[in-house]
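Taking the form predicted alone, here's one chain by itself in structure tokens.
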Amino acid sequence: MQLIAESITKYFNEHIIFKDIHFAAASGSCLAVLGPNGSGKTTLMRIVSKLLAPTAGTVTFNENGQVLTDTEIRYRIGFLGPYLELYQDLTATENLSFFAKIRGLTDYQPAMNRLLDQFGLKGREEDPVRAYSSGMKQRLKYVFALLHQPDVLFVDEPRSNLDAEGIARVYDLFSEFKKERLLILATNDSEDLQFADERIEIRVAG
């Protein structure tokens, strides 16, 4: 799969966030989006993942010479950010099952069990999420983002709320994911950049 972003521009109430951003990335690689706080990294991630429309410019995903529709893209991406919320009074399993039904997934239990184990949540999956630490909640968000086995994974602030063990698990995931699929990270952490094959930097609009 190939991603091409051309002349991406975004305004909010006539205030320019960024202008004329161009880049390309493909499966088997990692793209890092860099920039200081307030530069629009999260906004760009939402635009590229088809969660937000740009003011101008285009984002295209191609596969085998075919341009994917926005609906096709949304079903084939995973998105994770610190601002995404979980249902606090539901268990991890209940949260994931609800998400799976919205996605139209049926035989998702094997993937769910594998991911819960991969992120160190096995044995805690029937606890309500409100009983989780902030790090456990972040790990569960990774399970959410990966449950439908996406071809593209967007991660905003990959290390947010994670301890050393959690970071190690996430980094193991990144190493495997980028071998055949497309990983896109929004980060300012130099440690995350070890995975980056390409980088783009957004500057605060003046």
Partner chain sequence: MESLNQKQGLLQTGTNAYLIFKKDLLQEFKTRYALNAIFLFALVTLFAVSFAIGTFNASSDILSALLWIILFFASMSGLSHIFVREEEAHTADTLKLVAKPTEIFLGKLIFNIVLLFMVELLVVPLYVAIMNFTIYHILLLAAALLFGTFGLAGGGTIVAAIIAKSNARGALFTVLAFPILLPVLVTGISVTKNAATEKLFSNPVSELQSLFAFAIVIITAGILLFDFIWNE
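Positions refer to the first chain, counted from 1. What you see is a predicted model; the values in this text were computed from it and never measured.
Heads up, the form predicted in complex with its partner chain isn't pictured, but that's what we're talking about next.
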query: At the 4.5 Å heavy atom threshold, is A168 in contact with its partner chain in the predicted complex?
result: no
Interface membership of V67, its partner chain in the predicted complex, 4.5 Å heavy atom rule: no
task: Indicate whether its partner chain has at least one heavy atom within 4.5 Å of a heavy atom of Q118 in the predicted complex.
output: no
task: Classify F99 as contacting or not contacting its partner chain in the predicted complex by the rule of any non-hydrogen atom within 4.5 angstroms, answering yes or no.
output: yes
task: Would you point out which of 168-176, 44-52, 58-66, 27-35 contains residues with a non-hydrogen atom within 4.5 Å of its partner chain in the predicted complex?
output: 44-52
field: Partner contacts for 66-88, taking its partner chain in the predicted complex and a 4.5 Å heavy atom cut-off
entry: T71, R74, Y75, I77, F79, Y83, L84, E85, L86, Y87
